[in-house]
Each structure stands twice: as structure tokens, then as C-alpha cells.
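One chain is shown next in C-alpha cells, namely the form predicted alone.
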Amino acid sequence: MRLHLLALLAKEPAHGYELKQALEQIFGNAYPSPNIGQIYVTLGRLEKDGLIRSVDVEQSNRPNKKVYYCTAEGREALDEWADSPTEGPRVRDEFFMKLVLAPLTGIADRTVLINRQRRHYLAIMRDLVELAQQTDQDNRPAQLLIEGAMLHLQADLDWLERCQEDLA
């Protein structure tokens, strides 16, 4: 969440509720709506770390609001974020560890584990299909986020099939 908020602030100064609305507008219902409390806690940490600064803006009929700005240090952090690759495939997969170790100890059958995991993935896939249908087709970031999740899930389903062929 830190760098997501920082990226929005690099575009333009904003207060917490504007940042929440921007995330919701950009990603739609494809990305869980952030908790406003979490946003303000994160903004406080970013400010403490010198990546953003804030000014109080006076409002006539409401309490003052804090508007946050990205600092030069914040832009440097964003440059590093943009220039570094994101974590790739996970080698320490919790399900795979369960798949290999549980049958060794006699606490579970591999076929049962694979079938349970497959049902779980298929339920998530159904939810993603429904989410895609409910998402504004013009919101490309949201559509791409959902599509990416579906492709990762399909790869996981294919991998389960391979595990069943090789291990069960």
C-alpha cells in the first residue's frame, strides 16, 4: 500500500479520502477497497520516513484537512520501485509442502489434498468470472487485474493436474 499511495501522490497532492477514491476508481471492484484507517496510518509512516509531507488546508465549514505531497525522497523510492522486478514464482509453496509431507506422515491422502485444492481454485475462478462480468468493461486496469488473476489460477490448476499425474 505504501508505494501505491506514493505513486498517486507523485501524480498530484491529495488527502486520504481522495487517495481511497482514486484507488477505487482506477481498480474498480477488482481490487479490495482499502480501509481509510489503513490509508491514514500508511500516510503517517510515509511522512515519518520523509517520503511525503503534508500541509493543513483550511476549510470554511469543515475541519481542516491534511493534503499530502510527494517529496524528492519519495520520487527516488518510486524510481527504485519502478526499476526493480517484482517477485516471481514462489518456490516455497505451502500447498506443495502439504502435498509432499502430509502423506509421508499419514495425516492426509495426496488425491484428497489435490481434489480439495482444485475445488478451492475452481470456486475462486467462478468468483473471478463473476467479478469480471460485474466490472465496467471500459476500466482496463480492473479488467487486466482480473484477467491476470484468472491466468495465474489457470496455471495453478494445470500444475495441480501435473502433480496428480506425477505424485498421486
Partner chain sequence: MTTATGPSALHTVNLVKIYQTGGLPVHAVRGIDLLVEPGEFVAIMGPSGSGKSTLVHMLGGLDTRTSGEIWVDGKRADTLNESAWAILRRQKIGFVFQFFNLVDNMTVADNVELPALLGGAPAKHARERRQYLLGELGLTDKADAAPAQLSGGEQQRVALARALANQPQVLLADEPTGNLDSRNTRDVLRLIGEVHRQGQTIVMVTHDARVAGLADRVVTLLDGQIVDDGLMAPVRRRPKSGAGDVVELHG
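Here the structure is a predicted model, which is why all the values come from computation and not from measurement. Numbering follows the first chain given and starts at 1.
There is another form of this protein, the form predicted in complex with its partner chain, and it is not shown here; the text below is about that form.
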| property | result |
| --- | --- |
| One residue of Val57, Ile107, Val100, Val129 in contact with its partner chain, assessed in the model of the complex (non-hydrogen atom, 4.5 angstroms) | Val129 |
| Listed residue (Ala22, Ala14, Ala10, Leu157) with a non-hydrogen atom within 4.5 angstroms of its partner chain in the model of the complex | Leu157 |
| Contact test in the model of the complex: Leu43 vs its partner chain, heavy atoms, 4.5 Å | no |
| Interface membership of Arg119, its partner chain in the model of the complex, 4.5 Å heavy atom rule | yes |
| Ile124: touches its partner chain in the model of the complex, heavy atom cutoff 4.5 angstroms | yes |
| Partner contact for Glu18 in the model of the complex: its partner chain, 4.5 angstroms, heavy atom | no |
